[in-house]
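Next up: just one chain, as structure tokens, the form predicted alone.
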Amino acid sequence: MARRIAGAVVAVVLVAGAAACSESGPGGSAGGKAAKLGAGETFKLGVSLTFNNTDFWTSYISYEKQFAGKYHAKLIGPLVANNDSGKQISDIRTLIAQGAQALVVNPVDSAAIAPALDYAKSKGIPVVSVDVAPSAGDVYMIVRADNELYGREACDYIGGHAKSGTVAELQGDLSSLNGRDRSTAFEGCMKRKYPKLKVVKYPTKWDTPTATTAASTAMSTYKDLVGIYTQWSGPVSGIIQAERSAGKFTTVGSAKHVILVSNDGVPFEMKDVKDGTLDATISQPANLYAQFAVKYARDALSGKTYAKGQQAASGAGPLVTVAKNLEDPIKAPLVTKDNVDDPHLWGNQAGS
């Protein structure tokens, strides 16, 4: 979310005594257990997710199981909150009660997750936030791509292929930093660089039926509709079907084609790009999200500290801060017909 869905993120609180320097973010100052995890020692890792209803999250869970083996983690969960922030707080308490020594959390709501993070911190449980960053509360590390870049890349693709007309933006959930970042960046870019394109906004809270209905509404309402930006992959198939039903579907590059850009890079999006039914998507790498969420959870229990500007474990570049917490800025490339066959894209590897 990729969030949707992707485009996601997990908050992590440092373990005992491992206090980072002042530029490490608040997560570096949290107390924890005195004993550090030994090399090769297995630890219990609790997993709390917002959703498990898309190809992205199904793939993420599969990768998480794979990397749990690599980093000697015994998974507890995932417990899925189904977009209910209250349930997620309860789920996190449950995971801790079940013996989780560290947590990977994909927050439902960037602000509402704070009480759960505070509780984990009070118990000395480090949290890694994956896909979605918390706006309040301390975490050890955020594993997440630059969601503002998602919005700008979608803007520039549509703006580079349409001179004027209306563009429908199917927003994710504005209570998450992901939804806000994608929306703010997309709308700001359009206003600044492509003033002849009018953006109409449809809030969806990451609900696929709501997004599909919004796309259908935009098609019937705006005769000059030239583009649709959906902030996650879930609605893509429904949007294409709605276009066919309305007699408005044409392949990429055809006359009167309505540009469609999404986020996630799941396998079916890769096929749609190859087939010319989807213009572009942003590949939010489920494999890297899973790998480095588990790795940072182990690092936290091992007493390893990180600081802003230090090289990220993913190799994406220097660590940055988001709401005073450290973030590993995972790379998420734009995928079009020009690079869709790249074997390094996770959507081309999934299931292989």
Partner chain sequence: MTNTSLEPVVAAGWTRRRGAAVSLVQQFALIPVIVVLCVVGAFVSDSFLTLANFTNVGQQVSALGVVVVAETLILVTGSMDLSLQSNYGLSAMVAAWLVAPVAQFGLGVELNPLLGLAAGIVVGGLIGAFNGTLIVKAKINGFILTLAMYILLAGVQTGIVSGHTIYHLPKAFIALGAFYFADLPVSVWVAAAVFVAAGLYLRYTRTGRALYAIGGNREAARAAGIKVDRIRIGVFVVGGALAALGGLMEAGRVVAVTANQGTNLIFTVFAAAVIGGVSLNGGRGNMLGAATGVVLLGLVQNILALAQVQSYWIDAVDGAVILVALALSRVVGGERSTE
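Keep in mind the model is a prediction, meaning the values are calculated, not measured. Numbering follows the first chain given and starts at 1.
A second form of this protein, the form predicted in complex with its partner chain, is not displayed here; the remarks below concern that form.
- Only one segment in the set 115-123, 198-206, 254-262, 155-163 has any non-hydrogen atom within 4.5 angstroms of its partner chain in the model of the complex, and it is 198-206.
- Exactly one listed residue, out of S135, Q101, T212, Q88, brings a non-hydrogen atom to within 4.5 Å of its partner chain in the model of the complex: T212.
- Proximity to its partner chain in the model of the complex, defined as a heavy atom within 4.5 Å, holds among L79, L75, A111, L174 only for L174.
- Taking the partner from the other structure, its partner chain in the model of the complex has no heavy atom within 4.5 Å of any heavy atom of G276.
- None of the heavy atoms of S314 is located within 4.5 Å of its partner chain in the model of the complex.
- Although the partner is absent here, D272 sits close enough that one of its heavy atoms falls within 4.5 Å of its partner chain in the model of the complex.
- Mapping the unseen interface onto this chain, S233 counts among the residues with a heavy atom inside 4.5 Å of its partner chain in the model of the complex.
- Using a 4.5 Å cut-off on any heavy atom, the residues of 211-244 that reach its partner chain in the model of the complex are, in sequence order, T212, T213, S216, T217, S220, T221, Y222, S233, G234, S237, G238, Q241.
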